[in-house]
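Next up: a single chain in C-alpha cells, the form predicted on its own.
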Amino acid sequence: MNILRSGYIRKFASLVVLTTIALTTGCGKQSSGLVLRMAHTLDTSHPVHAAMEHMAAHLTKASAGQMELKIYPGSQLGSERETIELLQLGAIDLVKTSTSPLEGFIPGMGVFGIPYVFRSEEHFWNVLNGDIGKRLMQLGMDKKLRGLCYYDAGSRSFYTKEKPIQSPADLKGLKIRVQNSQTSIRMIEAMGGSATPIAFGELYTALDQGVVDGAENNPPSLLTSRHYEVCKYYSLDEHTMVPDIVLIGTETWDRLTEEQRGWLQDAADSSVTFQRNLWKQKTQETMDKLKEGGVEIIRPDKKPFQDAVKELHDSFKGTEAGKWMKAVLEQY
C-alpha cells in the first residue's frame, strides 16, 4: 500500500509541475530545439538569477538554437527541497540550489554547513576548484543528481529584528530561521539559539509576524528578499561559506549526446565566471544599499563564535561530512 501511495504521489507531483510549466509557458513562441527546464527559488533581481540567464543565452548561442534553457524562478515550482525531489523524478531537468538542503540527499554536502571550516575566500575556492570540490559535485549520481558547477554565495551572517548579535550569548532565547539542514540546526543550537527551519519564500512573513526573531544569509539575499525592511541589524560573523550548485538530473544527462553535454557544460562554466565577477560587484553595492535602508552593520569578534562551535566540529568525527571536513583541513 505504501509503495502504491508513493507512486501516486510521484505521478501527482509530476503532473502538477507539468501543468504549471504549461501555464507559465503560455501560447508564446515554441522552440524547435531541445528545451531544458530549470527551477530555483530566488528573485529575478538576484545576481545568481542573472548568472542563469547568462547560462541560457550562452547555451542558445553555442548550440545555434538547438538547445534552450527555460528558467522558472521565485519558487514557482516549489522550495529547494521540493525542486530537488522533482529533479530526481525527472519532472524538471536542472535545479539551482544551495548545498545546505542537499545534505539531506547527499550527506557529504554537510561539510559546507560546518561553521568556520574555511579560513578565507581563497581557501574556499581552492577547495571548490580542486579535487575535493569536483568529487563532491558527483556524490549524488546514485541519487539521480549530477553537479554541473558551483556559484558564489558569499558568507552567511546573522540578521535580527530587535537586537544586534555581538557574541553567541546574544543568540540565547532567539528563534533563528535556518535552511532545511541538520548541520545548520546544530550550529545555531551550539551557539545558544533556537533553530527554526522555514522555506525561504515564507521567511519575510515569518519575520514580519514574529514567528522567528532573525535569520542568516549573505548580503545580496538580505537585500533582494527585502528582509532588511524587517531586520535592521546585520552582524557579519561570517560563520559559513555555503555555495550554490547547479544540478542536472542524471536521466536528462544520459539522454544528451556528447555534443549537447559539451554545449551545456561550457554554458555552465561561462556562467560561473560571469557570476563570480557580478557577485563581487553586487555585494559591495548591496552593503551600501543596506546602510541606506537603515540597517546597522556590526562586525563582531569572530573568536567567541569559533570557540562556541568547537564541540560541534568534534561531533562530526566519523560522519560523512566529517570525513570531508578532515580532507579540507588536511589538504589545503
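Everything numeric in this text was worked out from a predicted model, so none of it was measured. Each residue number is its position in the shown sequence, starting from 1.
What follows is about the form predicted together with a small molecule, which we do not show.
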{"item": "Region of this chain that lies against the small molecule in the predicted bound form, out of 118-126, 135-143, 172-180, 188-196 [heavy atom, 4.5 Å]", "value": "172-180"}
{"item": "Contact of T41 with the small molecule in the predicted bound form (heavy atom, 4.5 Å)", "value": "yes"}
{"item": "Q88, heavy atom within 4.5 angstroms of the small molecule in the predicted bound form", "value": "no"}
{"item": "4.5 angstroms heavy atom contact with the small molecule in the predicted bound form for K96", "value": "yes"}
{"item": "The small molecule contact in the predicted bound form: E80, any heavy atom under 4.5 Å", "value": "yes"}
{"item": "Contact assignment for the small molecule in the predicted bound form, among T252, N218, T160, T240, heavy atom within 4.5 Å", "value": "N218"}
{"item": "Residue among F200, F105, Y228, Y72 with a heavy atom within 4.5 Å of the small molecule in the predicted bound form", "value": "F200"}
